[in-house]
Structures are given as C-alpha cells and as structure tokens.
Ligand SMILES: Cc1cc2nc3c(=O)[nH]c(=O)nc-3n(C[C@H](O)[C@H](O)[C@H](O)COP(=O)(O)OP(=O)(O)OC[C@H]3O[C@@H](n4cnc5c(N)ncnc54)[C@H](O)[C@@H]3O)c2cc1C
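Only one chain is included here, represented as structure tokens and corresponding to the form predicted on its own.
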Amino acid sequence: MDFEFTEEQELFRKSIREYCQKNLAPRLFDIEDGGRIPQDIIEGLANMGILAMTASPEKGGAGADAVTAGIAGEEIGRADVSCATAVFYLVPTAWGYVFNKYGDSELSKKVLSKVAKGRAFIGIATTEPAAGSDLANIRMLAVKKGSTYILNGEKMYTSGVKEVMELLPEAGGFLTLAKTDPSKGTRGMSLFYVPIKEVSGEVSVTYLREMGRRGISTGGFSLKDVEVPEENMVGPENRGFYICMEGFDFARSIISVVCCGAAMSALETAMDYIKQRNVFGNPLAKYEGVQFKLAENYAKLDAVRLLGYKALWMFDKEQREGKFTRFEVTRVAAEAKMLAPWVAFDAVNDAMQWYGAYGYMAECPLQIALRGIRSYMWAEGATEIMKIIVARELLGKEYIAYR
C-alpha cells in the first residue's frame, strides 16, 4: 500500500494551497456576503489550469486524474470553507469529465474550452420538484423530431443557474436527464447538453436562496418545447441514467475530500484559538474535555479523508485500467459521501462550541463552514441514499427494500 501522492501531485498541492490561502481564504466574507465568487478568483483558478481540469488537453483541460482533481477540491475547501468555490470547481470537474468522455467531440470542445477559461459553467440537472434521489420518477420528456429533440419539463435545486444565465460572459449549460422511452424506467433515460440561455423554445428560470454556500447560485429551470440538436445527446440514447452514475461517483468522491478540507481548516483555526483563550487560569487547550473532542474529530476526519482519496483512486483505476467494476467504485464513493459531511459537520460544530458565544456570531467564520458542509448531506445524493447503495452492494440487489 502506498499513501503518497506523486512528486507532481505534491508540487501541485503546494502551488494551489499557496494560491488559495493567499487569494481565496481572505475573501471568505466577500464571497458569502456578496453572493458570488469574484471574477478575479475565477480568472486566477482558470490561469492555474484548475477549472475543467479533467477535460482532455485538446478541449482546454489538463487531462487530470481523479486524485489530482481531489487535491484541488480539498485545497479549495480549506480556503473557502463556505464550500461555494468548491461547488463552482467540482461540478464542472466531475460533469465536464462526463461531457468530455461521452459528448460530441466538437460540441464538448467548444463548451469545455470556455469552462476552462472561467467564461462558462457546465452543471448537472437531474433533480425535479417531485423527484430527487428517485430518478426513476423524473417527468422531463425528450421526444425526437427529425434531427432534434423536443424537451419539456422542469429541473430544480440545480447549482450554477445564475452563473449560466447572468454572471458568466459565455454562459454554458447543463447535462440534463430526460426520459426518451418512459416505458423503460431508468433504462429509457437519455442525457442532453442544454445551453438554457441559447436554446429555441420557452425557458423560465427560478433562483433560490440557500442556507449556506451563498457564493454559488442554486435554482431551477423549466423547458417548454425546447429544441436541442441530436448531437447534444451525451452518450447513446437511453443510457443517460448509467452515464449519470459515473458522474455522481466522481462528484461524491470529490465532495468527501472537500468536506474534510473545510473541517480541517476550521479545526486548525480553532486550535490556534484554544491555545490563546484562558479559562480559570489556564489555556482552554489544556482541558481534557476539549483535547478529547479535538483528538476524536481529527482522527475521524483523517480516516474519512483517506477513504475519499481511496474512492478517487479506484475511480481512476476503473476508468483508465478497468481494474474495478462500476459497482465497486460506486460503493466506496457512497461510503465516503455517506460519512464525510457528518464527520465534518460534527468537527466544526464542536469547534464552534469552544469559541463560546462568539461561535454563534455571524462574524465567526466557522458558522459559514457549518452551513456550507450541511449542504453536502443532500447534494449529489442524500445520506440515506448512500446507505442504501452501500447496503445494496453488501447484501445484493434482491434485498433492496423498495422493490
């Protein structure tokens, strides 16, 4: 077993940490209060080759492996503990990889080259008002008409809607899941790239206000008789559900190390504080009640972080070498995603307690981390779904309760 990053990955970690700690970390409250990621931060990440880094070089990316992508996510999470910049990074990283792999070559090159420059956004749109984790229940339909598909339906709780519609100069779009053969359930779904700002047909958008990670927008969009050309289909017809599962595995794995990065940063900030705060004549750090919580939380984060990188490593091995099965990767990614947000949340919550009343004040950065991490208990699959996935792979599909 080898737990070391390569020399190239270590150099990459060092360079991105230096950039993020110098340029991103001091802007935490600007991002949270301003409701967007500053353009100079986006341009800085683009200039470092961070955005859409998993796309192939000919499409504007760096062809980065999953572990390296995880390193970037962890360091961004450490610097912007609100997790907003991490969302802006990880969604195009995971789903840009899917678009790069399965999308039309010319179309994906056109889009991903803009995403890599920080001028466009590519996201994922599967959730609907009445269908979240139960993707079999989605209602969006895509009907083929000649060389186009006509899409009707609504997506909700989607990251990056405002970035596409208003904030980024070259817009972008969403990999959108729709039913192309409703009689087949999940086997009758297809994935489409839908540039919602540019399509013909009626598009209406909704913006939502989240509890946390306020620097990245969340919203939804409704499509009425929207036409997309057949080359906008991502992968074969009726294979969209299975292609989405690859993207979810990748995104869930990155999310696990993002959560650990944000929580580790919060613990390190709190460690400095408890060394300085005196209570009953001693530094707070001398009391075992504090020390034991710190030790427990640090150890749990260390363990979950390694599980997250194991999932990323397995994803690489499966994608590049065929070493693992899809289901093996799915299970480990689900394990990491199942544990990381809760472990991270508990660590930040305990650290806030050490601050006393100040921990509950808006000026305390740890409360921003707490709200951001909380979002990952739902994003890219709720905790309960992760448990179902892990149990399914351990016991067998015949023991799935809802069948």
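As the structure is a prediction and not an experimental result, all values here were calculated from the model. Throughout, we count residues from 1 along the sequence that is shown.
The protein also exists as the form predicted together with this ligand; that form is not presented, and the subsequent description refers to it.
Contact with this ligand in the predicted complex holds for none of 55, 59 and 170, as no heavy atom of theirs lies within 4.5 Å. The contact residue chosen from 132, 235, 220, 153 relative to this ligand in the predicted complex is 132, the criterion being a non-hydrogen atom within 4.5 angstroms. Proximity to this ligand in the predicted complex, defined as a heavy atom within 4.5 Å, holds among 265, 330, 159, 100 only for 159.
Only one segment in the set 191-199, 208-216, 75-83, 302-310 has residues whose heavy atoms sit within 4.5 Å of this ligand in the predicted complex; it is 208-216. A residue is said to contact a partner when one of its heavy atoms sits within 4.5 Å of a partner heavy atom; residue 3 fails this definition for this ligand in the predicted complex, lying far away. Taking the partner from the other structure, this ligand in the predicted complex has no heavy atom within 4.5 Å of any heavy atom of residue 355.
Taking non-hydrogen atoms only, residue 388 approaches this ligand to within 4.5 angstroms in the predicted complex. Within 4.5 Å of any heavy atom of this ligand in the predicted complex lies no heavy atom of residue 319. The partner is not shown here, but in the predicted complex the stretch 380-399 reaches within 4.5 angstroms of this ligand through a heavy atom at 380, 381, 382, 384, 385, 388.
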